[in-house]
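Next up: a single chain in structure tokens, the form predicted on its own.
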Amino acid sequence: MNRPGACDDCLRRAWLVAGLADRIEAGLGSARREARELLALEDGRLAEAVAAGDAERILETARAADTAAAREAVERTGLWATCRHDAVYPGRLRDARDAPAVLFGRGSEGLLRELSEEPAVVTIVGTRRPSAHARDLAESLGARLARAGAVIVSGMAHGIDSASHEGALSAAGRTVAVLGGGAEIPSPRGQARVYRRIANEGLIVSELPPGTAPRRWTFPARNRIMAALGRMTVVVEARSRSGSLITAAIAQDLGRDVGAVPGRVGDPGAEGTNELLRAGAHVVRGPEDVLDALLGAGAGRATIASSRGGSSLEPELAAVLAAVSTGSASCDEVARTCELGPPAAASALVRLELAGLVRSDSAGRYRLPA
């Protein structure tokens, strides 16, 4: 099996973008969304747009770049590179007209290949300052989706992003972090522990060459990669002007599904997600809703139950487990959902709890473990 590889022209393009990073920053001012428009330009027009007076000199330098030295720099930092002309470059990323010429990566090359074929790749995003409930929900969503076989994509930022990665890792699942700086350095640095785990157990990618520091524009720019890789983007919690809504908008532009977790009306932290729902986004109450959207109605319940061991359980226990996974929290609710008598439902719940497949709280309400 061939290793990921990048051609000379694409490597030069990647180094050109990195070399223009400060000029792109200065040229954008506060209009961060315009980075996508710049990154869609071919080399000459990009240089002219952000460095008119020096454009020709910059282009000459880029054309003369030593690609052998570039490859050595990539290998020296423990990374690999793949470009749009490489068979393992993610097919979904090619859908974007501003797709990066190169992805620099660290971690599982096998997972890189799977990104093109896996039907359940879910991008999870949200605020960097989530409520405790939203953070727990993102972690649970990442864990339960990963346990059901989905690949979790996010940006490793503080808050919802890192929580979704941590959830996937806790379930021994597959997760991909897209960074706004070079892939060899944790970004933000406060996520060094999560970075190391993803590098060892998952996949880290960036369009920026090693040694490139993140800028303000590189974070919304990396959002387009996150949106393109996922078959569905889920926003867990976001204010009305959140960068997560940019990711959702890009996903919609690419024809991807968008989902949002409902929030309390009047809560500023839920304004963005509620706006998405009002505009027609899928309602996401749990992993079943995501899998139903991606794989077809009813797929979520069956997949989640199977991932919890439902396929090897007695039919009655499997039905009770599926009921809890779809929101039946009390014994009475489970009994009604499964058309069981209360004693039979209670007995099944106790057996499932003893097996570690459900948990109960002090109020006698049941849920799946995170």
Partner chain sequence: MIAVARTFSLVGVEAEPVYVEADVGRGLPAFTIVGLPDTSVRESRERVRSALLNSGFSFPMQRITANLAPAHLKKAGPGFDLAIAAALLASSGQIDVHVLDRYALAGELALDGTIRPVPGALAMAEATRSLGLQGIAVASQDAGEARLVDGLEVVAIEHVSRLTDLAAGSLASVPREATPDLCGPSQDDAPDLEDLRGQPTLRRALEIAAAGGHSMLLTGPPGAGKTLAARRLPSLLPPLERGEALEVLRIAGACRGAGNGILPVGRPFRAPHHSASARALIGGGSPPRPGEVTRAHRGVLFLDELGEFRRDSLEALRQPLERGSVTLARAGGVVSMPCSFMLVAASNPCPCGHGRDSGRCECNPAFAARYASKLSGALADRIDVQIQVDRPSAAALSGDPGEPSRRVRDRVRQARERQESRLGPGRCNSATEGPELRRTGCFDEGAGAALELGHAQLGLSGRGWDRVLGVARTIADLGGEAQVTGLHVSEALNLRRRGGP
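Numbering follows the first chain given and starts at 1. Values in this document were obtained by computation on a predicted structure and should not be read as measured data. Under this definition, the rigid core comprises the largest set of C-alpha atoms superposing within 1.5 Å between the forms.
There is also a form predicted together with the partner chain; it is not shown, and the following applies to it.
task = Find the only residue in Gly44, Gly53, Pro315, Pro342 having a heavy atom within 4.5 Å of the partner chain in the predicted complex.
result = After the contact test, the surviving option is Pro342.
message = Just to be sure I understand the contacts: of Cys331, Leu38, Ala323, Leu28, which is the one whose heavy atoms reach within 4.5 angstroms of the partner chain in the predicted complex?
response = Exactly one listed residue reaches within 4.5 Å, namely Cys331.
ask   = Looking at the partner chain in the predicted complex, is some heavy atom of each of Ser347, Glu353 and Tyr366 within 4.5 Å of it?
value = All of them do, each having a heavy atom within 4.5 Å of the partner.
message = I'd like to know whether Asp22 contacts the partner chain in the predicted complex, with contact meaning heavy atoms within 4.5 angstroms.
response = It does not: once the partner chain is placed as it appears in the predicted complex, Asp22 has no heavy atom within 4.5 Å of it.
message = Please state whether Thr67 has a C-alpha shift of 2 Å or more between the shown form and the other one, with the rigid core used for the fit.
response = Thr67 C-alpha, core-superposed: shift of less than 2 Å.
C-alpha of Leu349 off by 2 Å or more between the shown form and the other one on rigid core = Passes the 2 Å threshold, so yes.
task = Inspect the rigid-core superposition and answer whether the C-alpha of Leu340 shifts by 2 angstroms or more between the shown form and the other one.
result = Yes, shifts by 2 Å or more.
key: Direction of the Cα shift between Glu166 and Leu349 in the predicted complex, where the change is 3 Å or more   = Pair moves closer in the predicted complex.
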